[in-house]
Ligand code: ATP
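Take a look at this one chain, the form predicted on its own, written out in structure tokens.
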């Protein structure tokens, strides 16, 4: 087997830039695979960091597959009782943010309901070595973050399962952050090794390209860690305006009354300015100048008002969707059917080139 290497970030950045240019010109040539684990409801970090980009790609006309990675919840969590409820609320958050499953090019589905997708895991596992899984830096970080003392096999193989998520629909674009590049590189290697071993005459799988996120890292209200519900530093999309105000009021800042945008030396204040920028369209530097000596109180008041106004239509739509559970079931059923149709076709092709058809 070829040695698995991750390449340079600079080269990946350049490929992503060229990909972005072509996406706008030839959207029909691409299939995007993206998704989330159903561990809870989504927050504004998800909205600004990924949801808005998914809506943008969908609206360009790119075929968009959104996988709800429910099996992956089992890799590092003991609780499974809330998975079904979380799947439904995740779907509500997607729809409220602007994902449109009514069109022909958008599918939302949990991967546990697409058995043909999961069947790809077996041949894919034969294409990677244990040492390659051991070296995956993203898995190491997730194990450390979860504080796991006993590592189950699902955690080690979850990058391979992720490859099945991407390749079942022959996804050729995956929006990612820098920290997710090792997972995607493993998917690219699996696709290449499968084609070389089983389908040299006619490649079955594309090597998916990373589309690097242009969104800034959204820190939590503590200003020191990535926004996360489990860290109690997040503003949820389902939060009320009063809850949002209370959370922002408690956000960490510093003692300097003059507001400046300085992410390196003033991460807490700068993060609030970035959130204000995202909800107003003004640059963080401009906002810092406008607030000036108004201090953190003025900054928090401005952020509360602008963020609540920005989220008001989304929250209204979300409340309406919560009252219509049958529609959520309909969306998921349609997404599962669409994903399975494609997965059946892909698996049939896989079995054919592997000489397993009877």
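No experiment lies behind these values; they were computed from the predicted model shown. Residue numbers count along the first chain shown, from 1. For clarity, a rigid core is taken as the largest C-alpha set superposing within 1.5 Å between two forms.
Separately, the form predicted together with this ligand exists; it is not shown, and the next lines address it.
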_4.5 angstroms heavy atom contact with this ligand in the model of the complex for residue 100_ = no
*So in the model of the complex, does residue 227 come within 4.5 Å of this ligand, heavy atom to heavy atom?*
yes
*Decide whether residue 119 counts as a contact residue for this ligand in the model of the complex under a heavy atom distance cut-off of 4.5 Å.*
no
*Look up in the model of the complex whether residue 177 has a non-hydrogen atom within 4.5 angstroms of this ligand, and give yes or no.*
yes
*asked:* Please identify, from 313-321, 42-50, 326-334, 298-306, the stretch that has a heavy atom within 4.5 Å of this ligand in the model of the complex.
replied: 42-50
*asked:* Quick check on this chain: which one of 186, 218, 169, 83 has a heavy atom within 4.5 Å of this ligand in the model of the complex?
replied: 218
_Residues within stretch 9-43 having a non-hydrogen atom within 4.5 Å of this ligand in the model of the complex_ = 35, 36, 37, 39, 43
*asked:* So that I can tell if residue 197 moves, could you say whether its C-alpha shifts by at least 2 Å between this form and the one not shown after the core superposition?
replied: no
_Core superposed first: is there a CA shift of 2 Å or greater at residue 216 between this form and the one not shown?_
yes
*Once the core is aligned, please say if the CA of residue 88 is shifted by at least 2 angstroms between this form and the one not shown.*
no
